[in-house]
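Let's start with one chain on its own, the form predicted on its own, as structure tokens.
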Amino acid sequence: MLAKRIIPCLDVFNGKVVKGINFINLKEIGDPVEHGALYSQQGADELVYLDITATHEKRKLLSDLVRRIAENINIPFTVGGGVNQLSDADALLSAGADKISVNSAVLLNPSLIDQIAKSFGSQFLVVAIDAKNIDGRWVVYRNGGRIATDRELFEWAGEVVLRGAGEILFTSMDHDGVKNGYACKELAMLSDALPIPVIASGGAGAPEHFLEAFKTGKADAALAASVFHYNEIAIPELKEYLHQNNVTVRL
């Protein structure tokens, strides 16, 4: 059985790591390179860096930041934000990113998924899906959770798989930052329906929430931010807890 992955997420705004609740009320936390190096030392399996305003403000994530990250950590990391065309993906991968994450751009131009997968391989492509439950329907949002689309979570997830996505990063906007646990029901539905790994995002507040994401939600990886940023959960202790509860992790 493949080991379940623990993935700290570093939201980047103006070159600094930030964290908010329900995608708003951002608070500056620190330097993205220093945080990434620390998590690498603590035993994180991967990292995700998301420039959360790159698409909204029509900016690109600077390649020199990606190079600095690559020079200072020794675990795989994914970079997203402002990837609007094939050349953007090429620039980030060339700068040292192990994978790239796309979200808003592929909602506007789904064929970009096909282009990236064909050019670089599905294993390098993570499609992030931000969704909110509105009257029982999981509506997909773009531009950092600012703009609702006409796409629905499960049908959109199915389409991105067919187009060549290698992984799906599902963030429940309702759970994001409130630390009450992941959207395990929806995670399990995605995991059961899709042939590619599903990363859980949004809602981690205690070790039990990670356990639920893996056991009940059937997630392949669990992503979290504030519990790691504020030292509320230590990665080595979290992994030991999961191991003791029969979850396969890399210790």
Partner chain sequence: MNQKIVIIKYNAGNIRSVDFALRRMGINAEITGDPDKIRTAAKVIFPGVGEASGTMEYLRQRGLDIVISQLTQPVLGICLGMQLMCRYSEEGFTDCLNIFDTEVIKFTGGKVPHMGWNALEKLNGKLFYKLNKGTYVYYVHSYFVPENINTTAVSFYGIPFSAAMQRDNFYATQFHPEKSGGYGELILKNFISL
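Numbering follows the first chain given and starts at 1. None of the values given here were measured: they were computed from a predicted structure.
What follows is about the form predicted together with its partner chain, which we do not show.
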With its partner chain left out of view, choose which of L26, L194, A206, I52 has a non-hydrogen atom within 4.5 angstroms of it in the predicted complex.
-> L194
So which of D98, D174, E159, D90 gets a non-hydrogen atom within 4.5 Å of its partner chain in the predicted complex?
-> D98
Counting only non-hydrogen atoms, which stretch in 141 to 149, 70 to 78, 174 to 182, 108 to 116 is within 4.5 Å of its partner chain in the predicted complex?
-> 70 to 78
Would you confirm whether the three residues L2, E46 and V198 all fall within 4.5 Å of its partner chain in the predicted complex, going by non-hydrogen atoms?
-> yes
Examine D130 and determine whether its closest non-hydrogen atom to its partner chain in the predicted complex is within 4.5 angstroms.
-> no
Does T248 reach its partner chain in the predicted complex if we count a contact as any heavy atom within 4.5 Å?
-> yes
Although its partner chain is absent from this view, report whether Q85 comes within 4.5 Å of it in the predicted complex, heavy atoms only.
-> no
May I ask you to check whether E212 falls inside a 4.5 Å heavy atom distance of its partner chain in the predicted complex?
-> no
